[in-house]
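Two versions of one and the same chain are coming, encoded as structure tokens; call them structure 1 and structure 2.
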Structure 1
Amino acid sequence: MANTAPSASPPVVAYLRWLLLGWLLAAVSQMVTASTVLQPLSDGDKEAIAGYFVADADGFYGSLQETYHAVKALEILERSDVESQKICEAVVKSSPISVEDAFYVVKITEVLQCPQGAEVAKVVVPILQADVVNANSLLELHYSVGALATIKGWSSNSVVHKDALSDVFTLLKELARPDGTWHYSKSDSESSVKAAGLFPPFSFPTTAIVLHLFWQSQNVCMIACIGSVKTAAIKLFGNLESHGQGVFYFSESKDETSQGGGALAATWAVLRGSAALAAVLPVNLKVEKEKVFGIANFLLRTGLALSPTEAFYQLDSLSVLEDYRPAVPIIVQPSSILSLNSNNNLEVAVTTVLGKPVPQVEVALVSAHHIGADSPPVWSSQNFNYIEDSGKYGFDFLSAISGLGKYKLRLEVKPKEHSSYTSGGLVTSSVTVVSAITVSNVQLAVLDSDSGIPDFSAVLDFEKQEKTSLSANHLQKLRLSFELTSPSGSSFKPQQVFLKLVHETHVEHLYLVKSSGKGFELTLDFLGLVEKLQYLSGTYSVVLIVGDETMENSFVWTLASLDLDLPEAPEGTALPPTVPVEVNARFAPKPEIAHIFRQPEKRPPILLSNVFLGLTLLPLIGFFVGLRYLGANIKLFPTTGLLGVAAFSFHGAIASILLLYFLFWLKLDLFTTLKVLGFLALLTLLPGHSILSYLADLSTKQKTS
């Protein structure tokens, strides 16, 4: 879990909770896939949570409810900086009017074990007794009956009458629903307008308390009543929701009068209630162990609570789980890294959800496989030894291991007979076996480009992290070679092997060192790299970077300071500015791109265009003049009768087609034009055919005659 110090955060707005829940569950599901090892509440987390509760001047932590939350949470965290005396006195002096205030007054008195119990009881009892009789909602009932049960014995007049109790029990049975959830109030059971106020949790402590009181008064109803309550409780656990990967929780009730708080509040309420019920029922409440472990998973993986109320819910739920009668989840944490050099044992710590020790159990290693290799298991069915006074169990894992890498472990925890501890089935985790790698035979040389004869060479010692200095120009090559050996004697191939050249202006260049034969080798030919190095001459530091997850001594080693002489940049090459490489410069805004739009083409002056338009029309006029001159006429044009109609429609249709073309040029599209053209073509065809055939007949008649 995150180990961050909290700021004094104001209470979270209700709608933010939904967002948070969604995010949390997403984060949880990712976390769960990342590592399956659950961790109890760490000391750092406990410190952080305690920081939420800041007392004001009179020792209170806000309202009565908030004070109760704070006081209870700090008690679970075993903090002693609560000003209990101040709070007790203030609480006694406060005169609660509502049953809710009375309830919290009583609860605070109980947690802090105030000596003024009798006075508190005297003040509070009349209110509570009145409410028990008049209550018609579960919440009121919860407050009144709960407070009364708590203060039983503090004073003499806190007895509740048998009739009142039987009324309460009848009301509870009325409000029960078949699927294990409950109506909020009597008025709800008639109409389902308020979408089914799910208020399961508050009924349980109430029922438990009522049962407890009945027990005292030896009511005969007991046997039958117990049965129905038990079935209701078990059905309630059927409403447990899962977000996959073994995380179980209860989701928020949809009633707007609920106290808010989302899944954490609902889960807390169910746990508190079922614990109270289990304490009272004579037979065991059967809840599946995996589900209880799933709830522990949810509580521990939700990350740090964001408000005092959430912190209270989380802490109180975890403290309930510490001795939950149906099943107590225990957290198994194996160690995650083992070093071959120090040859330590694989240790497993077994604690409760809050980190407290657990009585001795049997821990066994079911199997251990090397991840990535298809080999048979390295270990199978081995028992761990209990290490005295530490709550840990040890095993000599490394005795059968020779290779480095990750191993997948499957552990089984078997509690003693008839105990209710559960580890949620087999625990899977992985352990990485690391070791120190020997670096040997490190040779750095400057070679002459043509002949390959080293002009300068040095052998560097890794232990002393030696650094040398050399110089080169663009006609030479730089060669580095070295060997890496793992403890088993074979050559080691790490994940990262890089050589970095850093100029004095902080310009960096990275090169990958490739493996060759038994070791690694890299040759940098400066002749080819001149451009890449941006023609920068000067002092470079040569740095070797080697790293791997199974390497205990990954290193960054400055091998040498290289004085490199490169030729001048040729004229005209636009060198990029060699800015110092600043990590955050990547995220600064980039230079703005000014978009150059396509320039419109130069058009001729309008006057010229108009003149030429006139000139184009001139030949047309010339044509008509010429026609007149030639003596062309339309004397034979038929004007009467069918022929006239045909002639007119023929020429009219052609004219309309030309008009259509004009419209096509202006605004129509081709498809419309073609459609209309088809129609007009038909219109042209028919009269055209008739008139032309008439003219043809006419001319043949003229010929024959």
Structure 2
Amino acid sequence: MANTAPSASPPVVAYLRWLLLGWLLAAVSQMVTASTVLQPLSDGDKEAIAGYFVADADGFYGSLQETYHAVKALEILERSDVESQKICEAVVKSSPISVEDAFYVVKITEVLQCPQGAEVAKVVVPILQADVVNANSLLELHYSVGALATIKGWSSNSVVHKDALSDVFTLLKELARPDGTWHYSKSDSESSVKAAGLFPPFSFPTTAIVLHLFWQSQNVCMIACIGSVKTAAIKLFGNLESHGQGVFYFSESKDETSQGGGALAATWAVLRGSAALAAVLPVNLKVEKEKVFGIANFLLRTGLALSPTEAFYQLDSLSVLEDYRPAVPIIVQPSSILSLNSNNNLEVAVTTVLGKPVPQVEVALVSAHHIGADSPPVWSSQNFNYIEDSGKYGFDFLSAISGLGKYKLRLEVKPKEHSSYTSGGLVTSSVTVVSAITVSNVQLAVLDSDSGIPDFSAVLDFEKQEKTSLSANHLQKLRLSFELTSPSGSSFKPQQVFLKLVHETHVEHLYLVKSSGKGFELTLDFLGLVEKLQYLSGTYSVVLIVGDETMENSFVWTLASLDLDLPEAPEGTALPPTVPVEVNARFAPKPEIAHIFRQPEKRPPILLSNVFLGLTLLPLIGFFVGLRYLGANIKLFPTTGLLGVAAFSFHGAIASILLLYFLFWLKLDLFTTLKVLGFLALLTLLPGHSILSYLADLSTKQKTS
């Protein structure tokens, strides 16, 4: 179960990785532009991430590193399906041969709280202590010092000597650069953002551990080092890159030991490292809250990860932001739809990036404007109340609202005193106020083309979805009129109002219904529509379609069945299009075909078949009787030597051919029978020639004598 480091990625793979990152960041920018409301990690996202980690029969999830990623991610997701006991037993039995293996054995033991911690420490401490003395790179320091510090938390015994700690801190100062980046090793000429983070060589966690151990050892020189370490950490955040719209991330061009991950891995590395450093520094890291929220913006808008490793990066980064000392980003999610019928409150959910409620804030509605209306704000400077039952913040938004439509909201979240929460500034969102619309005075009439007098008229009830039957010809008209009323009593103008005529052959014709005064009206003159209707007489369904995003009761209502009589098409007129095939019928499963080459013939009764079988055997019996009558014998049948072998082979081959004929009659097909018959013919030819030649010579000798 050793965890070997992968080889460097080929140039083509690295190029594709950065190409994918560029596309991803472009997509993130488009998503941010489309929606300014950030969403926390949903239950569906958590379930999808958990699906990346599947254990084998031993309870492991691959290598030691992959197993650590899995158990850590599942711990964050609060999953209970991890076989902790089985993994702990396997970890104890493993034999780590490298400092990297030892590190992940210790980290797995820590996450699962294995009771065999003392046994693990006894095996790995000698490996780790030897590496601390001989370490020349951040990678080695991270594995050895990090694992030893974890083991020290299990017992009060010192596992790292003061002199070794001093040498470690000296090496860290040699690898650090003034801009906050770090060299991977002494021989490395380039510096890296990721080297300052956590994976693979991580300076900040290592520095944090050394500081913590030195303070426990009451080392005075460490006080002077605090300022330089803090300055380096703050400068590192100056390397943040932005793709606009409040998205911040760290990028990484040096990828020799990063094992992939790109910007996601680099961002995770710095977050994890700076969090470890902030936890031990006596002074807070002054990182701009907008940048911390921008990092959360990047992590939540990248979508689901493409691999278990990236899933770990994303999930562990978000878990760090849950309790990030410089600033904790919070997500503000207002209601998107409010109904005048139910008179519900405007609710705002304030959560962490992983979806946990945040009650220690104050939520205020800065302003609310009706989109598309030239009017002053309908609300301004209103505070929300915290709702204990739901863990959300509520406000009676509809009490001053009379019109349906979209309202632009500007929300402000104010953390309480000494709180480090940040929402990234004012939150801009929109809420749609909807309601059921009253449909009344629905009238359908057939008019005379000349006089306009109704030949037939029907008033339909929308609540009962009534339907009527009509008949008309090309010299008449069809008129539809109805009214739509909003809850305030004013006339309602929906976005979509159509009348559809559907012929019995599924040919459809769509007509726009325009508003007329307080209602809507449409008149169809069939004389002018004869050509558009393609001279198709027959039964039409008259369907009314009304829809709007603010209507709770948008509908498709079949008003009538219209029997329309149109004149015959003139000679040479193009025929109407063929009946369209329904999509469901086209792609539905086809009926199963049970193909039979030939129906079996009717067979005779069993008794008759047995009688016929007996009659066919009579000639064979007569053959044997005739042989005995003629005095046939086998006295000259050779039984020794090559002639005996040939005789037995020849008769055996003849018997095999007869058996083959029987099998052919019973079950074999013609092609198989011919193949076997060709083989048996060769076996019959050679011994048959020998034995027949012998009999001919024998007969000749008898005649001459």
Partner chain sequence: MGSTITDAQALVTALRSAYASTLIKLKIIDLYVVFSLATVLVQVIYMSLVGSFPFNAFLSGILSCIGSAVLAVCLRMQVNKENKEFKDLPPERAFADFVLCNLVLHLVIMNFLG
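Between two forms, the rigid core is the largest collection of C-alphas that superpose within 1.5 Å. Each residue is numbered by where it sits in the sequence of structure 1, with counting from 1. All figures in this text were calculated on a predicted structure; none of them were measured in a lab.
Where the criterion is the form predicted in complex with its partner chain, structure 1 meets it and its counterpart does not. Once both forms are overlaid on the rigid core, the distance between the two CA positions of residue 464 between structures 1 and 2 is under 2 angstroms. Taking the rigid core as fixed, one finds a CA shift for residue 610 of 2 Å or more between structures 1 and 2. Summarising the core-aligned comparison between structures 1 and 2, the C-alpha atom of residue 689 is found to shift 116.7 Å.
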